[in-house]
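Two separate entries follow, structure 1 and structure 2, each one form of the same protein chain as structure tokens.
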Structure 1
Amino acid sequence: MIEKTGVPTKEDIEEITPPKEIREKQAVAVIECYKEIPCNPCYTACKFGAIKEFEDINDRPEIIYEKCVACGQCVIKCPGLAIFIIDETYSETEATVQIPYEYLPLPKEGDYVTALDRAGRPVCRAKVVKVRKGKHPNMTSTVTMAVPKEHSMTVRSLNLEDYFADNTIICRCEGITLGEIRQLISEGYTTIDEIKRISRAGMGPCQGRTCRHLIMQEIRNATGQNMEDMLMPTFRQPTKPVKLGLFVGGEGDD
């Protein structure tokens, strides 16, 4: 009952969800304008004829997916901030969701944020992949987030509060965050060694003494592996930072 809650129902959302064949092929605008209001800037904003001409100004916008190039003009022109762009072709596992954003501070590209659903509830963590700052006089910015593909039609908002604590530092030496570790695990890097090699977490001056345990916990949390069964990485010398010169002469009193 969107009239009571402001949140569309499953049926409301199904009605505006682009067909699977389209989502698999291209990025598209998703127009979440669930009730007739006298308003047509989305139609006048679209230079590609992807929004059907209005017969009456109260018509609900209808999108012609094949013509939509996901340029985002309608996203920043819609007075209701009710248009989003989803791109399920972004990667094997992830989709991007571009949302209009009119708050400060703007997140930065590369930040992890908390992706929220239509009721403002945390859904998952999201990496900000693009920020388009609003230009005068329109001023509406947009933020594009990468989220697991199954959430492309769920995520519609974001929160900088870091609900999932993704910006927590795990590896102090190399500055690797919890978000980055989680991301790697979700991509299939599920051993300490793999994570170390791809991210350098555990390769800094402390040699993993500080972060290894935390990384193991994350692997356990995500995969259910037992910590006692986990493959340990290869331990190499030196165990503390030393000058290269120390080794050059070999053993001193030889």
Structure 2
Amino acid sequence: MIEKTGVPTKEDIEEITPPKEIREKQAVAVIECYKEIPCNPCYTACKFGAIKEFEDINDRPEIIYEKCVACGQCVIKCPGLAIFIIDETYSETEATVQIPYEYLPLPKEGDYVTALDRAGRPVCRAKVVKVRKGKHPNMTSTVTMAVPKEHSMTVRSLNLEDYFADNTIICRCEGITLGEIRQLISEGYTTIDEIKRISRAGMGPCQGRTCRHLIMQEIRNATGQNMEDMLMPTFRQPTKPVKLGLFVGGEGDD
């Protein structure tokens, strides 16, 4: 699959995910090197012996988690941008993800950006907590973002545009912004049906095809509810407005 799409499968990712007991007590590097290729800069860059010595230049790198101090040298030196660092001890609800970043301009500390997954799809809103600029133009920079803890192994890139800002329209039919939804949730409206009835989000022509899932995500983020357990409101099939003339034969209706 990865040869055709460039995106690893769920099984690929599970194979390189650090054990839960390690993630619960320390920051650690994650190496997404899925194929045997002649490459070892990560090994030579590590001064702590945290990457197992190669028996062959084509070996896939293996991390000795107990020795990893998450210094980030392997992230900077990897020519394939295949290494990132996760820290699930950052807070009760958030983790940090440090990724290699070779685009310009660099984000600034404190900026909110859109975190992306391996396929370049938006995952969540992320806050930039640290930017480590390369010492010279040919040196890779790194960006560290704070994201919801459940996305620590999902986020692999970023977009400087903040798709999840409060002024983002999430219900295009009714013009409801993300900020309005968040305000309603903070006031105690924590079901999709309550939010729908008080704001009309999901009551437009598309009947929530665009916004329903986004509202569910916000409820989950604010309350901890599982999206699978949320009750769906009633909704009609998506509709398309038509001119009255179509019904009276005034628009060339056959």
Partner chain sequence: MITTEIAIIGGGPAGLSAAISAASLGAKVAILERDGRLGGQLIKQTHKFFGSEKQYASTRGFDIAKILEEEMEKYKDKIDIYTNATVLGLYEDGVLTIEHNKKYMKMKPEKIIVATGASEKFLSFPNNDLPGIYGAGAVQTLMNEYGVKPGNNVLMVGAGNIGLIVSYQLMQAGVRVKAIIDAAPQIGGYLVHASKVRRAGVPILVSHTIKRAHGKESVEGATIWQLDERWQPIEGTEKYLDVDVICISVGLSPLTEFLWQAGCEMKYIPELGGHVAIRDENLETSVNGIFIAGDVAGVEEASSAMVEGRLAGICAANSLGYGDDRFEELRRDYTEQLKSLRSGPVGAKIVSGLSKVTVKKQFA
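Only the largest set of C-alpha atoms that superpose within 1.5 Å between the two forms is called the rigid core. Counting starts at 1 with the first residue of structure 1 and goes up one by one along its sequence. In this text, all values refer to a predicted model and were calculated from it rather than measured experimentally.
- Structure 1 derives from the form predicted in complex with the partner chain, whereas structure 2 comes from the other one.
- For the motion between structure 1 and structure 2, which is treated as two rigid parts shifting against each other, I176 and Q217 share a part.
- Relative to the larger rigid part, the smaller one is rotated between structure 1 and structure 2 by 113°, as taken from C-alpha superpositions.
- For A165, the CA shift between structure 1 and structure 2 after superposing the rigid core equals 3.1 Å.
- Look at A222: with the core superposed, its C-alpha moves 5.8 Å between structure 1 and structure 2.
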